[in-house]
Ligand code: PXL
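We begin with a single chain expressed as structure tokens, specifically the form predicted on its own.
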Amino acid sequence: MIMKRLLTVQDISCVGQCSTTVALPLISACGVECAILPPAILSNHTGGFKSWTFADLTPELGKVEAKWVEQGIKFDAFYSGYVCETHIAPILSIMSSCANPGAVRIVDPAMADNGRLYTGFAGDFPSKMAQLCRGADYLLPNLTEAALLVGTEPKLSGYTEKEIEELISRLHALGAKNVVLTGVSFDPARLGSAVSDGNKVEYDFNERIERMSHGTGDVFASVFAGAIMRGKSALEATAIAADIVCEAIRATDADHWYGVNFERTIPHLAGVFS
């Protein structure tokens, strides 16, 4: 079997167990070749650290694309995560010029959580991110991101099943073919995702773990992307990704605050696809 090649486009936070430093090892563990394109480099992520550096690589993106086009380098899938407004147009261009026939687009609109945008994003950024979401084969927002993408006020909790499915319907109307909405809960003891192909909505739940951890969304999206490329359905990929997230949280040292020790789950993940 020929190994699939996926390009992930998201920042490198040099410390913090998120974005590219999560995507590269986890997608590789799924048995998928993972190429990277960092549109920015940060000293560390912006969640909980007192300060950080930010080097914007926007001017390099077009140069990289031109070199890939020149050499005929193509990808079977694209997976985008944390990006800024200036990165969106170059990403869309690369997704067009460097795609193999039938290439899959997976978009994690990593921009918000807990009812608010991440530090550094302006109030109109969701409308910019929506441009990237329109062509997504798989769109992976959390509840806050989903609400912002469709122009509604995020709720911190208390979504009914009807409200979840209305929100998903609006995300499909935005142009997403499949939607995986994370952070869904109808029972205080369980937390999970709603998975929709535009015709039906299915749910996957795990036991809720009472711990807030940075980077779990990146772990989920990365494993999901790898599983999709290994032929799993969206619901199967969601279940695998959620299980790895839960395992990573449980494996994380009590005083480890800036991420999860996902590295300890890699042997298990590789075994799923061996």
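Sequential numbering from 1, following the sequence displayed. From a predicted model like this one, the values you see are computed outputs, not experimental measurements.
Keep in mind that the form predicted in complex with the ligand is missing from the display, and what follows is about it.
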{"query": "Listed range touching the ligand, judged in the predicted bound form by heavy atoms within 4.5 Å, from 42-50, 243-251, 228-236, 58-66", "finding": "42-50"}
{"query": "4.5 Å heavy atom contact, C18 and the ligand in the predicted bound form", "finding": "yes"}
{"query": "4.5 Å heavy atom contact, Y82 to the ligand in the predicted bound form", "finding": "yes"}
{"query": "Heavy atom of F125 within 4.5 Å of the ligand in the predicted bound form", "finding": "no"}
{"query": "is_contact(Y203, the ligand) in the predicted bound form, heavy atom dist at most 4.5 Å", "finding": "no"}
